[in-house]
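One chain follows as structure tokens, the form predicted alone.
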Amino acid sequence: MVSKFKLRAKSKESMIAYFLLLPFIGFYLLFTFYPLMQGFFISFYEWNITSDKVFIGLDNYKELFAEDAFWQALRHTFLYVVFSTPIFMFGAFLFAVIIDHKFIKGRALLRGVFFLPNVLAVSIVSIVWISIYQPYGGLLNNVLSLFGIEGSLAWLNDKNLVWPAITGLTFWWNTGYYMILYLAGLQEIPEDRYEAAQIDGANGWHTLRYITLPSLKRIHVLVLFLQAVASFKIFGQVFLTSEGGPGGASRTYIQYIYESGFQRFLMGKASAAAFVLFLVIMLVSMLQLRLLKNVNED
């Protein structure tokens, strides 16, 4: 009788839980799953919004893969993901370790200072950094001139400098968020581990290598994939500062989708490109789940 009572109570709790989840499932299906499926179906049509849809099968995908601009945008985005993600991770970890140190004064203020750029809109960030990157009178060139580096570098108009400039902008904008994640992880490490290591004669490098870094495995994986997915979707700061230039040198994958859909009105082709990006991000997310599983098993 007791087990039947517990079974009924458990079943009732499950029904209440499913009932409470219904609104969220409804919003997810309406605003996420339905647009996703609509985009997938549109990728098989030729459609410019004002005309009727014409079914063309896989022609959008064939045209996509045959276009140099598609591969150029994909290559730019992929290289940005590969090179910028370790930089952001290292910077966030370094700032977190420094600010978490007990001998640093004003730690609460520094956390706010580092995190503040993250709450700014992309338009504000872009305006600020366009001013900093100005070839004549820009803050960065003025600072470099103090060290004897002259030449009025055109950071946003030089194909060799535009990506370092965008990476620097994004680093300033986003690193504070990941720094907070690392700080949360650092504060979960038991203090007695460091005390035991000091008793055994461990120096700062040893505690960093054998205690701090291994204890932050989950944070490393989380930050790695949050930043990787965010880098695949980079658009706003690039479009507002360099507009993909010079000569398409900084055109990103999202900008390619935007130009296909809202400038050339090739909605089917833009949908096909968006679905390819969806598959790439899904593969990255599956890899994240696999890594997290391995970390949890260690």
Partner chain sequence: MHRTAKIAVNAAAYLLFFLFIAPVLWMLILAMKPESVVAQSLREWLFSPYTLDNFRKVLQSTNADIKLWLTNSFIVSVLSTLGVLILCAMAAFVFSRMKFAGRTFWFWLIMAGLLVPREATLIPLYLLFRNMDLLNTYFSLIAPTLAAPFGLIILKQFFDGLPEELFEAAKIDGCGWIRTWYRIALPLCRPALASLGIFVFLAAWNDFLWPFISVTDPKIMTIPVGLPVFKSQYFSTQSLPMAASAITSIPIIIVFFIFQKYIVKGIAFTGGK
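The term rigid core refers to the most C-alpha atoms you can superpose between the two forms while keeping them within 1.5 Å. Computed from a predicted structure; not experimentally measured. Residue numbers count along the first chain shown, from 1.
The form predicted together with the partner chain is left out here; the points below concern that form.
Could you tell me which one of Leu213, Ile189, Ile130, Ala154 places a heavy atom within 4.5 Å of the partner chain in the predicted complex? Residue within 4.5 Å of the partner: Ile130.
Full three-residue contact with the partner chain in the predicted complex, heavy atom 4.5 Å, for Leu29, Leu120 and Leu181: Answer is yes for this spot.
Would you mind picking out the stretch of 155 to 163, 130 to 138, 81 to 89, 67 to 75 that comes within 4.5 angstroms of the partner chain in the predicted complex, counting non-hydrogen atoms? In the other structure, the partner sits against 130 to 138.
Using 4.5 Å between non-hydrogen atoms, is Ser231 touching the partner chain in the predicted complex? No, Ser231 stays farther than 4.5 Å from the partner chain in the predicted complex.
Would Tyr258 count as a contact of the partner chain in the predicted complex, using a 4.5 angstroms cut-off between non-hydrogen atoms? Answer yes; at least one heavy atom of Tyr258 falls within 4.5 Å of the partner chain in the predicted complex.
Please check if Val54 has a heavy atom lying within 4.5 Å of any heavy atom of the partner chain in the predicted complex. Judged by the heavy-atom cut-off of 4.5 Å, Val54 is well away from the partner chain in the predicted complex.
Although the partner chain is absent from this view, report whether Tyr61 comes within 4.5 Å of it in the predicted complex, heavy atoms only. Contact with the partner chain, no.
For the stretch 28 to 52, I need every residue with any heavy atom inside 4.5 Å of the partner chain in the predicted complex, listed N to C. The stretch touches the partner through Tyr28, Leu29, Leu30, Phe31, Thr32, Phe33, Tyr34, Pro35, Leu36, Gln38, Gly39, Ile42, Trp47, Ile49.
Is Pro35 one of the residues whose Cα moves 2 Å or more between the shown form and the other one, with the core superposed? Where the cores coincide, Pro35 shows only a C-alpha shift between the shown form and the other one that is less than 2 Å.
Core-aligned C-alpha movement of Gly26 between the shown form and the other one, 2 Å or more: It does, since the Gly26 C-alpha is displaced 2 Å or more between the shown form and the other one after the core fit.
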